[in-house]
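Just one chain is shown here, as C-alpha cells, and it is the form predicted alone.
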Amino acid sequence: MAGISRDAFLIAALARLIGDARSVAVGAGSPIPAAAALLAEEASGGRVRPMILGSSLCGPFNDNGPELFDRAGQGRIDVFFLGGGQIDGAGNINLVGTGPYPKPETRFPGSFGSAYLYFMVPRVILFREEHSRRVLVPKVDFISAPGASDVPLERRGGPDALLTGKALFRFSGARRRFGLESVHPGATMDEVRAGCGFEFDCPDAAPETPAPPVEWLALMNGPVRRRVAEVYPAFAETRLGA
C-alpha cells in the first residue's frame, strides 16, 4: 500500500464490493463505508444511489432509522454495512457485549436494527478494521444478528463479505462459513491466520487485494472528501484528506 493511505485502500475495497448495486444504505458512525458509498456513486456516474444516515444531501430520510427499516422491508435497499464487537466464522455478529448475558463483562453499543437488516437487505457487507482474535472469534458470546438460519423462514439476505484491515473474505450461505478471497498488500497469510479465531476456506495461493486505481484516488481526494465532510468533517480533514 505504498503511497496509498490505509483508509483509501479500505474505501476502495468496499466500493468494489458494492459493485452493481443500485441502492446502498450506510448507518451511523460509519465514515469509511460512507466514503465507499460515495465513491461507488461517483465512479458509476450516479448509477449507485447512496443513503447515509445523518446526511441532508445524500439520503431521503426525514426520520433516519424508521425510514431506513421501512425501505429495507420494502426491498428498496440492495447493500448495507454492519460491524460487530465480535464476528464469528458462521457470520454471526455480536453488538451487545462479552461475557454471560444479561450481565456482560463488557458492553458494546447495542444491536439496534442489525438483526432485521441482516434478514431484509440482500447483501450485507461486514466491515471491521481490527483483524484480531479479540474480534474474529470462534463463536460470538451473544448473537445480535445470525449469519444463517436453521428453520425455514423469510430471509432475503445476510452476510456477503467480510473486510478487515488485513484481508477480504466471502461468505458461503450453503457452507455457513467464510472463504478467503484476498490478502491486503503488506499483510501475510500467516498474519491473517494468526489474527483469525475461526476456520475459513482458503485457496493454495491467496491473491493480493488490488489497490485503488488512480482515478478513484482522485475522486476520494476531491468530490468524495468534500461530500463525506457533511457528516464526518474530522474524518474528511484528518484521515481522508491526509
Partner chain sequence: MTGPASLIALDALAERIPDGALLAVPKDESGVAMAASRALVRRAVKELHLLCVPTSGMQADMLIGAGCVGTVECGAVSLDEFGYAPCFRRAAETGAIRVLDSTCPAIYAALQASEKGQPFAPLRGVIGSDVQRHRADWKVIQNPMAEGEDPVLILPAIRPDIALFHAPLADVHGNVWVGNRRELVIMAHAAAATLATVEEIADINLAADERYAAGTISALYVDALAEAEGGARPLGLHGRYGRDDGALRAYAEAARSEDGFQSWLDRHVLSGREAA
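Residue numbers count along the first chain shown, from 1. Fair warning: this is a prediction, and the values are worked out from it, not measured in the lab.
There is also a form predicted in complex with the partner chain; it is not shown, and the following applies to it.
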query	finding
Candidate stretches 75-83, 101-109, 122-130, 161-169 - the one whose heavy atoms come within 4.5 Å of the partner chain in the model of the complex	101-109
Exercise: Gly65 in contact with the partner chain in the model of the complex, heavy atom 4.5 Å	yes
Contact of Ala21 with the partner chain in the model of the complex (heavy atom, 4.5 Å)	no
Contact test in the model of the complex: Val96 vs the partner chain, heavy atoms, 4.5 Å	yes
Proximity of Gly113 to the partner chain in the model of the complex, heavy atoms at 4.5 Å	yes
Phe69, Glu154 and Pro233 each touching the partner chain in the model of the complex (heavy atom, 4.5 Å)	yes
